[in-house]
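Here are two versions of the same chain, shown separately as structure tokens and labelled structure 1 and structure 2.
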Structure 1
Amino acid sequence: MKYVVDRVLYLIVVLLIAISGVFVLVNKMPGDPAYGLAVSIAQQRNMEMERALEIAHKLMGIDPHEPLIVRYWRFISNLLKGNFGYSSFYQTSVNEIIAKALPWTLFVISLATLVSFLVGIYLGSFAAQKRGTIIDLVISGIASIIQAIPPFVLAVLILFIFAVRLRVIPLGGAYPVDMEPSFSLSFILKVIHHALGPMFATAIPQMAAWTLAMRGNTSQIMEEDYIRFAQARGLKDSVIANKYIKNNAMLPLIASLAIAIGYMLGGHTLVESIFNYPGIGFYFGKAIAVRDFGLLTGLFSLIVIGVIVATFIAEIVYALIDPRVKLK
């Protein structure tokens, strides 16, 4: 128990350092979030840019002369209350944007991770059992080549081939703009249709990674003494393959499942921006483009919290399923 408390405290320190670093980084970004608004004010009212900027700052609730440390303190104390800040571009609280965007992101990444995990486990153990044959060569060869395609390149290729050229998936959005969200079958089908692009772009690289990891683990376990012993006892090959090898090779991967979902929260940024899919990553990309510092720090904090919580869950799961890793 003391171990768990220590671990939580340690992770809170890590979280604090990470969030503070990002806060400073974001606030060092060049560009004034109020600039765009100021330009339109200056044109409309025919006034000087300086005066227009001042009005824009007032309208967006930004004080450019406020010292960084004051802003930082407000940010941290808000965060402690569960308030992720205020978006100057969308003129609303970051919590509201998170509430709107997070379900889409979670929907895509959890489904993509789950499917790619199951398929990867199957392909990986299959390849390991057929080690050295053509089947193994094809499976692990294709998986390595997929790993060589940077995820953003893969996402762009899927978008251009399937959305632009073949027009079999939509170009963006989570559902058609002219539809009201409801629990009707036609709406749900549309939602799935819109999620296909980002889902494949997320699932394919992951599937390759799971396949290779599972193949490595399985190969390693097949050399262990207890497998030889099981064979010597005359157990059926299928029993050994499923009960002894597959389960033991899979256990460490189950722990990394949590970490994978945590990291996907951040890694999904590019996929969502490329597919214009209105999840966390899409708003993150938008926040960078329009220099919305409040939205940016809020979303980044959310992503880092997600990764840290996932890491913690993975540690606990690992300790639970692997008796060799005892909680001190």
Structure 2
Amino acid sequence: MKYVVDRVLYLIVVLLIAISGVFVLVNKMPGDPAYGLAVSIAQQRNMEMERALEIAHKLMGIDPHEPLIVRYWRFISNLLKGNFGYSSFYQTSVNEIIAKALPWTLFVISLATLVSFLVGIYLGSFAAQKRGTIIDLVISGIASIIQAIPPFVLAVLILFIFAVRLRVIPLGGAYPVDMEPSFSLSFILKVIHHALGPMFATAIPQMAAWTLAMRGNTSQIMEEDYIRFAQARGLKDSVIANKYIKNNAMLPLIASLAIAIGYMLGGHTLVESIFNYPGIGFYFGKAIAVRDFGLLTGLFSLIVIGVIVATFIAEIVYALIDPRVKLK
């Protein structure tokens, strides 16, 4: 119990520091956070920019002459209430944008995590059992190269090859624009079809990482004394591989799943923008492009919270599933 309490206190401190960093980073960016909304107001109402800025500041609840510490306290207070701010570009609350975009991001990340983990675990275990052979060298070499490629670079390649050239996946969007959302099989299949591009762009580097991690863990465990003892007892290689090696090698990777999901949420930003996929990353990229500081702060905070909470969950899960770690 003491372990859990200590981790919770640590989580709170890290969250506060990270969220404070987000606030300072965004608020120190050059420009006025209400400028985008002011331009829209000035065009719609045919008024001077100075007057439009005053209206925009009132709509967004911003006082440009207010001390930074007062704005910081309001920002933290709103976050504690679950209020992630206001988007000047979309002229709506960031909560509404998150509610609309987060399910699409979680859908793609879930698919990417499942595919990358299952394939990576199999390839890593297989490569470790073939240590020193050409199979091991090929799998490890390809995985090392792929892991070094950023997801957004893969996204551009996938989009160009499979969407532009081969035309086997859509150019963008979550589903066809001429199709009404429903729970019909045809709509679900279209949603999966549109998710293939961003899913593979996210899953392939993760798959390479899982492969190398599983190979390393498996190779290390194969040198343990209890594996040699099992071999001396005359147990079949398949029994040793599945019961003793694979299960123990997978323990730290299972705990790392939560961390992987959290970091995918952060690293998925440019991928969704490239595929024009309406998830968190798409709106994050749009917020940067149009200098929507309110939306940028809200989404940045969400991503930071997601990564830190996922790391916390991973630590607790690892302590629960690994008998070598005790919760005291």
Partner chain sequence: MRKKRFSNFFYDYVQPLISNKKSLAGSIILLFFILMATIGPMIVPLNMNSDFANRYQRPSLQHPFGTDYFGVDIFQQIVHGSRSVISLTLLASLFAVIIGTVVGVARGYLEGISGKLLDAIITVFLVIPSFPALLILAAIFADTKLNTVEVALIVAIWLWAPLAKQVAAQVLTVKSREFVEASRMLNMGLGYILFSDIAKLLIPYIFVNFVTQLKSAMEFSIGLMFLGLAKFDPTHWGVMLNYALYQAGALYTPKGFHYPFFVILNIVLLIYGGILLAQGIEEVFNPKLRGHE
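We call the rigid core whatever largest set of C-alpha positions still superposes within 1.5 Å between the two forms. None of these values were measured; they are calculated from a predicted model. Here, residue number means position along structure 1's sequence, counting from 1.
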item	value
Identity of the form predicted in complex with its partner chain among structures 1 and 2	1
One rigid part holds both Tyr35 and Ala101 between the two structures	no
Rigid hinge motion between the two structures - rotation in whole degrees	15
Cα shift between the two structures at Pro30, which is computed once both forms share a superposed rigid core (Å)	2.7
C-alpha positional change at Asn46 between the two structures - rigid core reference, Å	6.6
